[in-house]
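Taking the form predicted on its own, here's one chain by itself in structure tokens.
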């Protein structure tokens, strides 16, 4: 079995040394299970939570100069982290980028570390409509603009105006929404080595009571249809064109399937829950089994919505998108 990436007792990874020289505190060997909604994940080579924007940029520049891989974490709600952990810099923006404010012209400015629920409630208090859908998404602004998060028929691309990102070649730059190349659960941030730092959303004036009522309905729907309170990473697979992943998974009888400590939710078939003992390997094995069953019956190859973090699990550098057994092979 592969050994985890915990640092040797008498040594630190180069990125941890570089961060220390900047005067920024870090936590080598921090277990990422503490920072994901799945409560799964091995140690980070170097975990850093900058205190301000200046520290964030300095840390990112140090990682760039060393060629160290970077993982930016928000609430960890859309991640499946390897049991071996992450060999590189794990950057939390929860402190440095947690500001949210209303600007003239119906704009809401929010740091990447701001929770979507906080952003939605701030907009509501100022009578600004457009982010109601986001109140039921357990993630951050940074994650939302990166993956075009959505719910209730709306998505981030519908309301984002511009995004401030860190580009290893240009430093911090502001991109307009049309430069983000948004598509269903996709954006240019997934293709480029950029890090989202802040975002601006264009919203419309509306009755605070009406906004609050819509948010309440969205939250009630989530509680009634999703395993809220259980350890999970949200939707595991993207909806295929013209259909729903949950419908296909339920149709093959996968609700309740279990591998180790990981089980397909009996409330929502596109969720996998951790009973507290699941490993990343348990989840991967269960995902393969579900996907193979759907492909065998319907000829549909489900694509993961949750993001894999860690070394390739397959042979010859297999990537996440093709990390699957053929139909019937699970």
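Here the structure is a predicted model, which is why all the values come from computation and not from measurement. Numbering follows the first chain given and starts at 1.
Same protein, other form: the form predicted together with a small molecule, not shown, and the subject of what follows.
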Answer with yes or no whether residue 49 is in contact with the small molecule in the model of the complex, where contact means some heavy atom within 4.5 Å.
-> no
Give a yes/no on whether residue 279 approaches the small molecule to within 4.5 Å in the model of the complex, heavy atoms considered.
-> no
With heavy atoms only and a cut-off of 4.5 Å, decide whether residue 232 touches the small molecule in the model of the complex.
-> yes
Please run the contact check for residue 110 against the small molecule in the model of the complex: heavy atoms, 4.5 angstroms, yes or no?
-> no
Since exactly one of 160, 249, 72, 211 fits, which has a heavy atom within 4.5 Å of the small molecule in the model of the complex?
-> 72
Among 182, 257, 200, 194, which has any heavy atom within 4.5 Å of the small molecule in the model of the complex?
-> 194
One stretch from 283-291, 258-266, 301-309, 57-65 that, in the model of the complex, holds residues within 4.5 Å of the small molecule by heavy atom | 301-309
